[in-house]
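This document starts with two versions of one protein chain, written out as structure tokens and named structure 1 and structure 2.
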Structure 1
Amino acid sequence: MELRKSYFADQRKDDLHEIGQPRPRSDSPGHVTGKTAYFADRNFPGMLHLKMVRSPHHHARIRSIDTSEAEKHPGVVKILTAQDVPHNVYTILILIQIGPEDETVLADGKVRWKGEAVVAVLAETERAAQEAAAKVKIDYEVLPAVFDMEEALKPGAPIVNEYHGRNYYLYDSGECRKVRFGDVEAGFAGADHMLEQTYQSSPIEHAPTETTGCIVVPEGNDRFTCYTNTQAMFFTLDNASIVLQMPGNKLHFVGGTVGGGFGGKVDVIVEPIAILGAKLTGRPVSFIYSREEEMQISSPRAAEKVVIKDGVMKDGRIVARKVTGYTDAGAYSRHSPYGAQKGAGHYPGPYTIPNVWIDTYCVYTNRTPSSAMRGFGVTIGDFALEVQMDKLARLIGMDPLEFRFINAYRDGDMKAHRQPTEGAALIECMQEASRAANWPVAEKFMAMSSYAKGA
């Protein structure tokens, strides 16, 4: 790696001891020698194994649950249903006042996606728990399901989540998160060229080497230690406290080592029910996803649809941009309302455009709930925006990199969400990319600066 210190020298200190200096990762020796301990490396006397009975349907009403045969199975210690969970309806972003609570720990009355947890079985061995789970009898009334976001938004579509009463998240700005800047219709009217394109993505599974899970140990005095591979330690502890209606100081979470996460281990799915199992049995409990569960049950990156309409001048200036974005939350909110909001702030891209109109929808469907994954709400939008930039450059016969130089935002430019640009450095990054890729651009672009428009 080469550091270019000629840029922004007046804004940087070079006498720092840590920042800007190469340092070995503290966890590297343990990883390369095999000494790193993961949560599942622990074993405790009398540990029970938890397995879930999951819905085979995308949308169904639960008529009845019969656990009698499962309770008789050798090795079974405890069976849990929704009635055993102190605060069964929750949503993980309630910690930052994003509601309503819309997801069940264990399904109560309905299931809204294929794989939703309905009954938890705790047994002496993993095999006994699996065999007993297979003996739980659930009578379902299958209901119409909706899997396409635009179909979900149509009048008369099956309601996915009654806690919302509609198939979209209601922001304070209405049915979608909105950004308005300038007069986009006037911008389109004055443009030399127009281009409207649609971009779509499918859900993407994180596929970590280590599957999601935790081990919970009762410590006496109604205190519990939870060994977990969550990526969000205090976030998970606080949500578990809400679900279990327990003070947080009764819960001790131990983590720090995650065998692959990428945002996929922040949803607080395994810890609350495992702690509840340990509390009701007085024994350690292990709840670890199988590989099949990790692929089907853990939340993926959301499927997205992005429609971009641009007005551009012959000289390369984008004068108007209108974006409509759709984020498929699946059956429950989790992090998706936040992801769609991030998209609304980001969709104009790192470009100065005088007229911008953004609508982003967080849509509920009967698919696996989606959530965080590496820049969620932004990554797919970036793909769409940059492909659109290439198409616009081609439309007006301009080099795609030079086209980006013309539109790149610089310090002091006002962004569409009315925040002034600071520390942009986009011009300088593109200049270095041009050199590294041996991609020639006109000298006037190599002389540009992020500091000022005239430079």
Structure 2
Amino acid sequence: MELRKSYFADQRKDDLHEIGQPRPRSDSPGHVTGKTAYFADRNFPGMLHLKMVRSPHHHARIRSIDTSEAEKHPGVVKILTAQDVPHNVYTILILIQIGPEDETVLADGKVRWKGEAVVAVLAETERAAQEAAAKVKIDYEVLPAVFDMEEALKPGAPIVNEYHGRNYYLYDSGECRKVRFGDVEAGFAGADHMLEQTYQSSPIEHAPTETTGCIVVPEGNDRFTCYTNTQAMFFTLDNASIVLQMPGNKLHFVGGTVGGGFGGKVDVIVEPIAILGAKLTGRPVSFIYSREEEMQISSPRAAEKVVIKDGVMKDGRIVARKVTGYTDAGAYSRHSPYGAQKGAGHYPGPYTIPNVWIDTYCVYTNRTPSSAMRGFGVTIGDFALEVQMDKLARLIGMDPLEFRFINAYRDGDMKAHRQPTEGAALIECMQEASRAANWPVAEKFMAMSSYAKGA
């Protein structure tokens, strides 16, 4: 890595003692010698293991649940169903007043995705829990499912999630989050060229080294300690408090060292049910995803579809951009309404365009609920935007890097979501990339700066 100190030197103090120093990480010796303690390194006498009975169907009504055979299985201590969960229908963003509550801790009457948790089995050993889970009999009436966002948005599509009553999240602005800046149709009308393209992605997995999980220990004083690898301690504590209808002071969360997260550990999935298990049995409970569960059950990055329409002038100026984004939330909201909204605030990327029109939709399908992942709401948008930029440059016969210089935002430029640009540095990044990659651009671009035009 090279630090190029010549850029923005006038804005920086480089005489600090500790900041800017390449100090070795204090925790790395522990990590590389295997001595760092992760939550699962703890073992408690009498600890139970929790395994979920999961839906084999994408969408089905639950006619009946029979746990009698499973209860007789040696080693089984407790079996939990929806009726055991105090506040079974929840949504994590309710803490910031984003509703409605739309997801069940344990499925109640219906499953909406393949892999959804229906019954929790607590047993003396992992194996006993697994074997007993296989003995739970659930009678399903399979319902029509919808996997494709376009299909889900068509009239008459099966309703995925009754708590929404429609297959998209309803924002205060309507069926999508809108951004309107300038007059996009007038911009298109005056453009030399137009280009409309569609970009798509499929879900991807966070693939952390350490799988999601927690161990909950009753402290004997009506408090429960939850050792967890959540990325957000109080977020999880507060949500668990709501789900369990327990005051927050009964809960003590301990975490702090996590073997990778990438956004995959901000859904509050394992902790509430494990705490409930510990409360109802009076014993420590371990609920840790297998690698297969991490891959198949934990929220992936959402699949997205992005449609971009641009109006561009022969001289390289983009004069109008219309973006429609679709985020596949899967069966439940989790963080997806937020991600789709974050996307709306991100378009049209680091470029100054006078006329912008953005709609972003959060769509429900009978797929694994998606949620936060590194670059949440933005990554696929950046892919779409930057491939589109390449196509636009080639459309008008311009060098792709020079084309970006023409449109790059600078300090003071107004963004589409009506915030003036501050601290821009795109131009300097591109100048340095031009040098590093030996990709020459015209001298006038190398003379540009991100400081305000004319400054």
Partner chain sequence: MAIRRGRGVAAINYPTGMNLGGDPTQALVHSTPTGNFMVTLSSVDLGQGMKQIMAQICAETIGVPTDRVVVDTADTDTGPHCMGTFASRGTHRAGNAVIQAAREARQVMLEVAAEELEVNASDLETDGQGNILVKGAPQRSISIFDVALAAHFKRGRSISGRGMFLIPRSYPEKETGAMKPSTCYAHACTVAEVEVDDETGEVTVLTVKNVFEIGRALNPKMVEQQLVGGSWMGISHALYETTEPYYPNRDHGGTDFNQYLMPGPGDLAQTEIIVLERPSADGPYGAKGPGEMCANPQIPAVANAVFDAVGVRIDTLPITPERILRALKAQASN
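All residue numbers here refer to structure 1's sequence, counted from 1. The structure presented is a predicted model; accordingly, all values stated were derived computationally and were not measured. Whichever C-alpha set is largest while still superposing within 1.5 Å between the two forms counts as the rigid core.
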The form predicted in complex with the partner chain: 1 or 2? 2
Can we say the CA of Lys444 moves by at least 2 Å between structures 1 and 2 when the core is superposed? no
After superposing on the rigid core, the Cα of Gly20 moves between structures 1 and 2 by an amount in angstrom of 3.1
